[in-house]
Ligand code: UDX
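First, one chain by itself: the form predicted alone, in structure tokens.
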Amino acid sequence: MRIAVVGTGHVGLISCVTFAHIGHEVVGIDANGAKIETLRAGRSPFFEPGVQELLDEGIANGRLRFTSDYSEGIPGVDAAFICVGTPPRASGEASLVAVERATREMAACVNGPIVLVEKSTVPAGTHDRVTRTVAHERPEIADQIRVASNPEFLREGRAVQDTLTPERILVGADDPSAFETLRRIYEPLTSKGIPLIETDIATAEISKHACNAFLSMKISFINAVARMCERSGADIGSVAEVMGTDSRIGSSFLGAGIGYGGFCFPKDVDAFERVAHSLSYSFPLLREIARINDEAIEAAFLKIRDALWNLDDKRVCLLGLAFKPNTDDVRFAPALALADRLLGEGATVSAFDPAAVEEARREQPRIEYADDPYAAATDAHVVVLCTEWAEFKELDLDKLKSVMRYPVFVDGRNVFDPGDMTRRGFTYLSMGRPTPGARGA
């Protein structure tokens, strides 16, 4: 199949390289000329495991190319996937300006039957807007343009794997020919037994928001229970284990910590609440999910402050800046929100991350960035583990302690064993777990 992908961000570029990998002819389109030149030069503009290798493969075998010119990329394709950003407005609702712009640009260049596929996370009803825009822009060929929804369910850090071996593929359409086109596109995957779920468009649109909101709810729920464990002496790890053995609940997303981040969960929870409001339905649970997530960061901040008494003239080392391991994405990252809180209280903040330092530097230049975790921790009054990178699980803890000014360790992801950390001489504070022999700094 001949495929265009509009937008080469995290979702768009991964769609480009994986569609090419499974045998399609793909053109990636982006209005950002500098990004297109980077891609044409064979370099991924962001870090994601497996992307660079598939980018090299697609360019080498001629299945993958890039352009900033819609008139070069759209004519003749069977389907065009809309993968542009839908950032939050001040109100919390998703901005669909880029979706509308991409729709207009594509409609102007269409020269035959095509399926326009929403892959960006959009509110229910967006397909009607896309259809109307097409009708306004090209009324003479509007009957040749079909609209479908194909939400992505990718986890950053595992996005290539999630695309090539997904748990399910969701397709929403209201036209048999649109379904047929998408069946053909995904046949290399469905032929291996991966389920294809077909629904109407509105159901597909709302399903994406519902999934992200529910996963966010699980994280906020376990973090709220962690606060209760801290007040009662219970162990959140054991509580989560008990909960996870119930097949109706499951163990995933029950890791207490400093909350979720990234570009999807925070904006999608807010956007879903605004969708509910637009449908005249009050959904206050969604606002509470976001509030508890903010509370998790505040809980970590209070642990740091309580351990150090005053934060003025104190040095705090953050290990991990990306919102999760195996990505350089720092959008809505809890570590940066915590850094802002600490800097505002007069602390000096140092930090290290295996991949996200440059992205973080653009977001928060006041942090002192180091080249390794031990340099970041030198003279620190407290080290805070913010992202559970595999590298941090292998730290030489005795070396880390030797370079710190105070041996205070706040484990924001509950990676280390409390008893072992205490025996090593750390004042060890974790999220929702008792610490044997805890003592003040």
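Numbers for residues come from their place in the sequence shown, where the first is 1. Because the structure is a prediction, the values reported are computed rather than measured.
Another form, the form predicted together with uridine-5'-diphosphate-xylopyranose, is not on view; read the next lines as being about it.
Visitor: Using the partner position in the model of the complex, report whether Leu182 sits within 4.5 Å of uridine-5'-diphosphate-xylopyranose, counting heavy atoms only.
Guide: No - in the model of the complex, heavy atoms of Leu182 and uridine-5'-diphosphate-xylopyranose never come within 4.5 Å of each other.
Visitor: When the contact criterion is heavy atoms within 4.5 Å, does Glu152 count as touching uridine-5'-diphosphate-xylopyranose in the model of the complex?
Guide: Because a heavy atom of Glu152 falls inside 4.5 Å of uridine-5'-diphosphate-xylopyranose in the model of the complex, the answer is yes.
Visitor: Is Gly172 close enough to uridine-5'-diphosphate-xylopyranose in the model of the complex to count, meaning some heavy atom within 4.5 Å?
Guide: Output for Gly172 is no: heavy atoms all beyond 4.5 Å of uridine-5'-diphosphate-xylopyranose.
Visitor: Would Cys264 sit within 4.5 Å of uridine-5'-diphosphate-xylopyranose in the model of the complex, counting heavy atoms only?
Guide: Result yes; Cys264 sits at the interface with uridine-5'-diphosphate-xylopyranose in the model of the complex.
Visitor: Choose from 233-241, 127-135, 347-355, 317-325 the stretch whose residues reach within 4.5 Å of uridine-5'-diphosphate-xylopyranose in the model of the complex, heavy atoms counted.
Guide: The contacting stretch is 317-325.
Visitor: Can you work out whether uridine-5'-diphosphate-xylopyranose is within 4.5 angstroms of a heavy atom in all three of Asn212, Ile219 and Arg413 in the model of the complex?
Guide: Verified in the model of the complex; spot residues all in contact, yes.
Visitor: By the heavy atom within 4.5 Å rule, which residue out of Phe253, Tyr369, Tyr186, Phe301 makes contact with uridine-5'-diphosphate-xylopyranose in the model of the complex?
Guide: Of the candidates Phe253, Tyr369, Tyr186, Phe301, Phe253 is the one lying within 4.5 Å of uridine-5'-diphosphate-xylopyranose in the model of the complex.
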